[in-house]
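Given as structure tokens, the chain that follows is alone and in the form predicted alone.
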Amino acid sequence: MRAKGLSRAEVLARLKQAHEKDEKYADGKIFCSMCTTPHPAAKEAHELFCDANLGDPGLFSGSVQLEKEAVSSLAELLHGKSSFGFIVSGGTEANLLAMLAARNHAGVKEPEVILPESAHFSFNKICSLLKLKPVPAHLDEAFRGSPSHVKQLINKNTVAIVATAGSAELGAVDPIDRLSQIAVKHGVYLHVDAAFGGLVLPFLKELGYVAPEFDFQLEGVQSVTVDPHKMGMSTIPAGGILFRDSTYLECIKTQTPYLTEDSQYTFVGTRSGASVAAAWAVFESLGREGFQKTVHHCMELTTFLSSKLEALGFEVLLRPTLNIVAFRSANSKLLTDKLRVRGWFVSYVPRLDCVRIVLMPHSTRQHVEALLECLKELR
């Protein structure tokens, strides 16, 4: 730390210099991120509530109310009439809380969790932290978790099954309706990681797309992760965890004797009221109609890109369910590297040897067409 502080002007100048080094969503060359430019209302709300700490809720009753309303909006989308939940630091914390609830509720000595091979890498951290044995389930030909294999893997130590509603690599949605039936039959907790798909899938049927069931409509689903800082266009960080009802809250409760309330249910103690306010502001500003328009925009770009890639001779791995396109070239890793040199940020997925592109709200038709022109040169 410097001995004497800088002036406000000097600090801002340094900040601007650092910010200039960051890639900008508005430039249209970021096609690898599941985050996007925050909605203007989210930015304003975040600044207004930047000092609110939901870890000490008795001091910030307005922020508490906004969280209840934001969670209620998510619960309505996910058909969770009696759902309880929180806006947390992100999908990793949300998934951790779900696994903690499942483990503590089951109370077995050697707990295991069944994960599809496509499960998000956060579950590797979570299983290590919670001393859960991860049991991988095979994928089918459409890169979805195999219900038949999941069924074979269930035993007396199984405390949870995890399903993905929009895998991070391909956007694939597991057959959650069938997994729900299995979970009910065997009395096993089913958690759905819809961090990305949770704010896309609820709008697809209304837009004429195929939309598999994935949420609390299914009897076996006990919790759902959904992140407002992804397709919800909120500021970072804003994850979300919803439980079917209050049954599991006691399983994740922590005593907080010196704060304004005597207990917490989240993993992170100090929680940003700014992120909650930002998520609430987007929900209220857009409403269902606004989200439909946003999802429609992203899905149109996805369909356009997928068809053009096939026309160029690339192998598209599967017909997109969500706004993610994955394809292969003769050398997918080399193509990804060449695109990066040209300033295009796409992902390479080693496990599948493919290029991954995410079409987010900041993407435009012009951006996609420019990317395609570059691909024509590099293929």
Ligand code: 0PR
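As the structure is a prediction and not an experimental result, all values here were calculated from the model. Residue indices: 1-based, along the sequence shown.
One more form of this protein exists, namely the form predicted together with this ligand; it is left out here, but the text below deals with it.
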Of N157, T303, S72, S122, the one that lies within 4.5 Å of this ligand in the model of the complex (heavy atoms):
S122
Considering this ligand in the model of the complex, which of T92, T294, T235, S83 comes within 4.5 Å of it through any heavy atom?
T92
Should D174 be counted as a contact of this ligand in the model of the complex, where contact means heavy atoms within 4.5 Å?
no
Within 4.5 Å, heavy atoms only: does A195 come near this ligand in the model of the complex?
yes
Just to confirm, S33 within 4.5 Å of this ligand in the model of the complex by heavy atoms?
yes
A168 near this ligand in the model of the complex, any heavy atom under 4.5 Å?
yes
Can we say D227, K230 and R356 each have a non-hydrogen atom within 4.5 Å of this ligand in the model of the complex?
yes
Segment that reaches this ligand in the model of the complex - one of 247 to 255, 182 to 190, 113 to 121, 212 to 220, heavy atoms within 4.5 Å:
113 to 121
